[in-house]
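Single chain ahead, by itself, as structure tokens, in the form predicted alone.
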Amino acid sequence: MNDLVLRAGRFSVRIERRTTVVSLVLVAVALLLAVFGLCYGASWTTPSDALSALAGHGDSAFVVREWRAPRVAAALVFGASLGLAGAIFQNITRNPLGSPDVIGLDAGAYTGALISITVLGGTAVQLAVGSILGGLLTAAAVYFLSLGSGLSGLRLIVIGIAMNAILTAVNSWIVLRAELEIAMAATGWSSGSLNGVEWAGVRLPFLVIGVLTLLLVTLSHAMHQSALGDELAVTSGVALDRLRLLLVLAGVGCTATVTAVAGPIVFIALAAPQIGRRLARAGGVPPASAALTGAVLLLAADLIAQLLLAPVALPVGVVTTAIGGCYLIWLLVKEVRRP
């Protein structure tokens, strides 16, 4: 038996046994890394003291709850959000290269944020709105430019890569034209960093990501049907155009929300869905495995960024770029060799 069936009264759900085991293992790894993240800082706190401090007891309660816990939570939630976004676009394009950072959505969200910083002043709300608008406009441009006789995943990726190059050049031009202080702040933020994350700055992003996750849960059955093929999905009553529009909006929302807070963190959305798929040995790209893998990858990368040149904490985007670059080369070589 490869499937488990959970029943509650008249309702039942069938889940794959291996996917369940892999998900539980990923949750356990994420919890272990989270405890390490709560313990690590300017001074080491033992795991028992860190967990006690998390409950509000002990001398290190303020440090653990107000400084370390928001960073750990942000890494987990933002990593899961990027994993979900990658799973969405890789399912739509049916190509492992179809992730938001490859097809230019990260660059578009960064363009929107840069315009908010340089023209409007760059408050938190302006950054969020600018990032989401930038990501949506980029997605719309890539989508309409990709339409020929029909939507092709490979054509969308190629146009997305071209759009990414254009937007990267535009972003560099905006930074060069900005005042020195603004340019320095924008350049540092562009690396993608969780340094200085506080509860006040992540409550609203967490809420937005939670709403988008609920939307994806309601669409999960239709996503599963569409993964079996367009004809079968239409036959079973799935409105493909409406489904893809909602998925693109959710994917852009997940990516842009992370970019608005932490800057563009690349390669998590590219790597997490494929690593999760291979661990679960699934035919498509399961969003749950992608989200859990993304959470583990980003938290692990952030801990490496803190440990590598301690006591100086590197931007987590530097670590994900270094690791993700090697992964992208391996993926490209594998795609080229595929018959």
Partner chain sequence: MRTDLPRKAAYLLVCVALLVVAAGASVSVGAHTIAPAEIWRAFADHTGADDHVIIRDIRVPRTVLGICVGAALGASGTLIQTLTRNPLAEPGILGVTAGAGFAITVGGALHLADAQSAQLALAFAGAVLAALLVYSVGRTSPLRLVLAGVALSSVLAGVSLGIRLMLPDVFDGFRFWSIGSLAGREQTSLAVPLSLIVLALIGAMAVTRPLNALVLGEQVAHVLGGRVARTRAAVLVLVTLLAAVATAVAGPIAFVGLMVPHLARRPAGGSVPWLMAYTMLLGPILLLVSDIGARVLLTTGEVPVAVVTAFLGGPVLIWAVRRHGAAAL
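Numbering follows the first chain given and starts at 1. Since this is a predicted model, take the numbers as computed values, not measurements.
Unshown form predicted together with the partner chain; subsequent notes refer to it.
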| item | value |
| --- | --- |
| Partner-facing stretch of 121 to 129, 166 to 174, 75 to 83, 108 to 116, counted where any non-hydrogen atom is within 4.5 angstroms of the partner chain in the predicted bound form | 166 to 174 |
| Heavy atom within 4.5 Å of the partner chain in the predicted bound form - the one residue of 157, 136, 202, 212 that qualifies | 157 |
| 4.5 Å heavy atom contact, residue 318 to the partner chain in the predicted bound form | yes |
| Interface membership of residue 329, the partner chain in the predicted bound form, 4.5 Å heavy atom rule | yes |
| Distance check, residue 97 to the partner chain in the predicted bound form, heavy atom within 4.5 Å | yes |
| Interface membership of residue 146, the partner chain in the predicted bound form, 4.5 Å heavy atom rule | yes |
| Three-residue site 240, 249 and 260 fully in contact with the partner chain in the predicted bound form at 4.5 Å by heavy atom | no |
